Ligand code: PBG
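Okay, here we've got a single chain as structure tokens, the form predicted on its own, with questions on binding and movement later.
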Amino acid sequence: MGRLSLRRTRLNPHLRELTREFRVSREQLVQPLFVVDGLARREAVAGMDDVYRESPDSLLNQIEADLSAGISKFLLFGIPAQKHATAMDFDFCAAQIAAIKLRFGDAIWLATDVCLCSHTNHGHCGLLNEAGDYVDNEATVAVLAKAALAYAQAGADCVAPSDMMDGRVAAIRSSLDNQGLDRTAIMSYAAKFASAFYGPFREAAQSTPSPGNVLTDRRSYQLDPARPADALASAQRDADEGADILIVKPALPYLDILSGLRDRVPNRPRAAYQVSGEQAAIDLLAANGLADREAAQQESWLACLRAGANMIITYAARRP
């Protein structure tokens, strides 16, 4: 018997293509979108290529271009002009959802982020208590359910709570079902970590916590990177409360969490969110001639799929 050769199936591109266990498809990619109230013309997001803060008009044009390029799934972030401590108005984002669905209908799938960080004047993901040192869980959940309902009524196919409050999935599911919106999916940020990789996003969404806050960061509600068991428990809870899709965010630093969800919560699809800092790292390497951008992008996406992701939320979805 001859020596086992593992190299024969790697010898040429045809064999390599035939024997791959995982393939990245455009059908698996979700493109984030930012739309900003009062913006006259779109602005590039610093640190990432081909990503913009859109005006309402440029947003529709960009979706048209993305659709022509084969991208039909989107995650929308609406950024209002006015920020408040308590009284939140979700009309701007709801109006953009309605305009998008009016123009594109079922040709696209539109998920909408549900959080308060872009709406609050302090930059936190919920309502603060009087002392300003704690995000009030129950008060925040009530407002999140209101926002999710407004977005679903405007035509969003999916709402995506990213706040990390306890019980928000159950509250949103109940609110939607009570209004006859039981077909609206919930894509929960089930395992969202207090990460150092969110910088470009926070600039794009105007969601950085204000430096004068008593509560200076989001570690009291986002997950601790050193507590994987907490992440798995959070995801299981969201699944039990009615989440249809579970997001792990960021992606590459938390592939072990993705793998754990595949084993622990196998009856829910999993999304890996390749966050803005991850994208900026790839783009910076490529800009300095230190990596082939397309190859690095594909490798990072394949890592997510191998770990158990069914879909990838990525700023590079629209690239050829």
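Since the model is a prediction, treat every value here as computed from it, not as a measurement. Note that residue numbering begins at 1 and tracks the sequence as displayed.
Absent from the display: the form predicted together with this ligand. The rest refers to it.
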Q) Each of 77, 125 and 198 near this ligand in the model of the complex, meaning some heavy atom within 4.5 Å? A) yes
Q: Tell me, yes or no, whether residue 117 is in contact with this ligand in the model of the complex, where a contact means a heavy atom of each within 4.5 Å.
A: yes
Q: Tell me, yes or no, whether residue 192 is in contact with this ligand in the model of the complex, where a contact means a heavy atom of each within 4.5 Å.
A: yes
Q) Quick one: is residue 96 in contact with this ligand in the model of the complex, heavy atoms, 4.5 Å cut-off? A) no
Q: Flag residue 113 as yes or no: does it have a non-hydrogen atom within 4.5 angstroms of any non-hydrogen atom of this ligand in the model of the complex?
A: yes
Q: Specify the contacting stretch among 223-231, 201-209, 86-94, 166-174, defined as having any heavy atom within 4.5 Å of this ligand in the model of the complex.
A: 201-209
Q: Could you list which residues of 269-289 come within 4.5 Å of this ligand in the model of the complex, counting heavy atoms only?
A: 273, 275, 276
